[in-house]
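Shown here is one chain on its own, the form predicted alone, set out as structure tokens.
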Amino acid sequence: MDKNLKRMATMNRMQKSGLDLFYAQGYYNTSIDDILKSLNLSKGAFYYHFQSKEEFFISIVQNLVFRKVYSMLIEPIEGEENPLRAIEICLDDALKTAEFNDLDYGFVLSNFLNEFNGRNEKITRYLTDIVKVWEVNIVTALQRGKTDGFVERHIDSEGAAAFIISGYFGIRSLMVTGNCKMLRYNYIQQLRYYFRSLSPVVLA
């Protein structure tokens, strides 16, 4: 058991370091030697745990990237009474985190999706699956909001979810080189206007 725990701890350390490198440099600009240097590992030690760089990256996507997206963008809106308010707060919090991150290179999920699009179908599928989980979560929240009276019943939940996700992808890209605080403020303001259009009209 101790041996297995030690192996898991080593793999986790490798994955965290690997994610930092891939996020900063990109997958194709990061070599096995870069990874070994950052971890102070031999090639034999690396290949004991992973058969290839691709397998190593997939393990990072399945564990770290998924957990990061889940904890930041999915879990905060699960079970919340007003889905529109919950989504707004969730996205604003995520953008605030990025705003104060001195080593921000964009949204990790969208960065990797862009990098692998048309270059590696296998990895793209893993990344797309995370987007689908996020999308289903938003759709479920909006559908529940319809039942509970927070969202107009005629609203296309799938279309709204796609709009929300694509908007977040876009603003995160702009924040890399732009005025983060102003961009976040403007985005959230416009998101509020959009959400008002999804809410039932309250009659006086």
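Keep in mind that this is a model prediction, so the values were computed, not measured. When you see a residue number, it is the position in the sequence shown, counting from 1.
Omitted from view is the form predicted together with the DNA, to which the following refers.
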The DNA isn't shown here, but in the predicted bound form, which of 26 to 34, 174 to 182, 138 to 146, 151 to 159 has heavy atoms within 4.5 Å of it?
26 to 34
The DNA: the contacting residue among Ile165, Val69, Leu41, Ile58 in the predicted bound form [heavy atom, 4.5 Å]
Leu41
Going by a heavy atom distance of 4.5 Å, is Thr10 a contact of the DNA in the predicted bound form?
yes
When the contact criterion is heavy atoms within 4.5 Å, does Ser52 count as touching the DNA in the predicted bound form?
yes
